[in-house]
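Heads up, the chain below is alone and in the form predicted alone; it's given as structure tokens.
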Amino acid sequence: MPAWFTPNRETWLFRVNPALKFMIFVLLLLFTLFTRNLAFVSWLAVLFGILLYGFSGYPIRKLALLSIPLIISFASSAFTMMLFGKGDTVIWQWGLFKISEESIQHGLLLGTKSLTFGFVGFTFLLTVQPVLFFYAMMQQFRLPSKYAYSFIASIRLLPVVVEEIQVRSNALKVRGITFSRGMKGWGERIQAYAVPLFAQSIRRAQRIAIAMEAKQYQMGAARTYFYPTSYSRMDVVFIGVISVSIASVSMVAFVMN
């Protein structure tokens, strides 16, 4: 799974400070959320689509697979609003279903917003290293270390948890243990997996706590960082590209209106 999320090449987006990139993307998402101009939101979707498909560094095949939930989200949100939205200029109606000009516009707006959110989310997730992101949040935006290191530890331990689930599954198969079908089988699986995994988690947490205590880790104390992060010229380039792109999108949307 980690290899699947490894890019073929690292583009300039990878060299942008992760914390700065996160804050700018959050601001853009909030701006998109409260915008009701369909043309502007549509061009924003095009902009972030270019960032995702052109500068994420991943092959088209992987990006196409990741785009499937985005397409489903766009279609479901748009058609739901079209069929059940309110409007005065009714085009077609049958029972509870009513399509109007206003509902079509609102449906396209809602669907395009969901598509834009997906593009932004995938662009950020695919072009940032989680560990460096939390280090940058601690160093550039003063995120308390107790939260940052908690997230880093959880990310580091995910592969270990998956491995333990596989080991437990193989052990049950070797012992010839079978489960019933239906909901009863799910209950039996929970009983067979929950207690051993929970016990392993407690032991692992104790070992981590002892290791952190041995390294003189204290909450709130001043610490040095193994991965120092800072701002660079690429951050200025990123801000410039985003600013020029947003200005161009605004001008195009204004002309179209």
Partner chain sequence: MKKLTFTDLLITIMVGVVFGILMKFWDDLYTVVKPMMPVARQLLYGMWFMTGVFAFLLIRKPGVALIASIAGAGLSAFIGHGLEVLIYGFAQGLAAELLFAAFRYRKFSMVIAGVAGVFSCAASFGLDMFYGYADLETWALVVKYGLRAISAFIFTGVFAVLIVRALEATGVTQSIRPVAKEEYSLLDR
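Residue numbers count along the first chain shown, from 1. Throughout, rigid core stands for the largest set of C-alpha atoms superposing within 1.5 Å between the two forms. Please read these numbers as outputs of a predicted model, since none were measured by experiment.
Note that the form predicted in complex with the partner chain isn't included here; everything after this is about it.
Chemist: Can any non-hydrogen atom of Tyr147 be found within 4.5 angstroms of the partner chain in the model of the complex?
Modeler: Output for Tyr147 is yes: heavy atoms within 4.5 Å of the partner chain.
Chemist: Looking in the model of the complex, any heavy atom of Gln140 within 4.5 Å of the partner chain?
Modeler: Looking in the model of the complex, residue contacts with the partner chain do not include Gln140, since no heavy atom lies within 4.5 Å.
Chemist: Is Phe198 close to the partner chain in the model of the complex, meaning a heavy atom pair under 4.5 Å apart or at it?
Modeler: Flag for Phe198 set to yes.
Chemist: Report yes if any heavy atom of Phe238 sits within 4.5 Å of a heavy atom of the partner chain in the model of the complex; otherwise report no.
Modeler: Looking in the model of the complex, residue contacts with the partner chain do not include Phe238, since no heavy atom lies within 4.5 Å.
Chemist: Taking heavy atoms and a 4.5 Å limit, what residues of 63-84 are near the partner chain in the model of the complex?
Modeler: Going through 63-84 in order - heavy atoms within 4.5 Å of the partner chain in the model of the complex - the hits are Ser77, Met81, Phe84.
Chemist: After the core is matched up, is the C-alpha of Ile50 off by 2 Å or more between the shown form and the other one?
Modeler: Shift at Ile50: below 2 Å after core fit.
Chemist: Comparing between the shown form and the other one on the rigid core, is the C-alpha shift at Phe79 2 Å or larger?
Modeler: It does not reach a 2 Å shift.
Chemist: His106: CA shift of at least 2 Å between the shown form and the other one after core fit?
Modeler: No; His106 is a residue whose C-alpha shifts by less than 2 Å between the shown form and the other one when the cores are overlaid.
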